[in-house]
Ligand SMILES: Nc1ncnc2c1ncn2[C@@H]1O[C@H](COP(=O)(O)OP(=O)(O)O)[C@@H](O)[C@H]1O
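For reference, the chain that follows is the form predicted on its own, supplied as structure tokens.
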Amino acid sequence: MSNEVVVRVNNVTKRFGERVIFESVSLDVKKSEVVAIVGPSGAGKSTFIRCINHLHAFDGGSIEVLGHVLVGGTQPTRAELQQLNSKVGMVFQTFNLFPHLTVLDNIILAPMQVKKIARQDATDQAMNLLKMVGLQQKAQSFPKRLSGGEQQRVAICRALAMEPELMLFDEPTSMLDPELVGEVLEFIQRLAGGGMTMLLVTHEMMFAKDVADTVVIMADGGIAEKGPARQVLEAPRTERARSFLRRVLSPMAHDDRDLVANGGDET
């Protein structure tokens, strides 16, 4: 991890109507850093991560992403958003694959249309990505023929095909059956090991502890605690963080293996 800051969130506030989702949130993310965002349902975790690539507008403060500055209450131009989105990959809870396109065509569409990459070059790149996740044999399959875990791995490949400098994951395993979670987390862990800068909203506490450099606990309209992953999850300093972690620990927990998930994040 370098000292170069690639995401700088400065006093950001987000409202939905009169409802304040979070207020005056600040966070720096360094190049090659993996930041896991956890917290109770409804704390605004998903909304926060979507503000970073302006899928959600925000009301106050500023966010600088890879040199692009977003200012609360203003709308970036279409060209500015295209430049930003060419550098930032996003993987959602729901896989968002185009059902009428094959796996291969799902992956090559954006590189061809946005980056004007030749079809053969885009295809070669896509097949290499599919090979990385063990799905090269599914290239001509349609999404409905894939398991949830396979669809999510394809969605990650689709994001990586744009060669992003930053990856955002919004609860990437929350829609998966428990037995499929591991295959997706394993690939995300490989990306982390390869130096990809990532922000990850997750309810997988063990994964956050093992993979993240930094853990952020969001609660009560802001950041309750942030710091090195093991310190935050093993010895939180604030009572709000401690109360959250007590709730996501099994009553029978005696060690890390008994960490369990909290619910999804509506916002």
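Remember, it's a predicted structure, so these values are computed and weren't measured experimentally. Throughout, we count residues from 1 along the sequence that is shown.
Not on display, but discussed next: the form predicted together with the named molecule.
Stretch-level contact check against the named molecule in the predicted complex with heavy atoms at 4.5 Å: of 59-67, 220-228, 207-215, 33-41, the positive one is 33-41.
Among residues of the shown chain, Arg246 is not one whose heavy atoms approach the named molecule to within 4.5 Å in the predicted complex. In the predicted complex, the named molecule sits within 4.5 Å of a heavy atom belonging to Thr47. Shown here without the named molecule, the chain has Phe16, Arg19, Ile21 in 16-34 lying with a heavy atom within 4.5 Å of that partner in the predicted complex.
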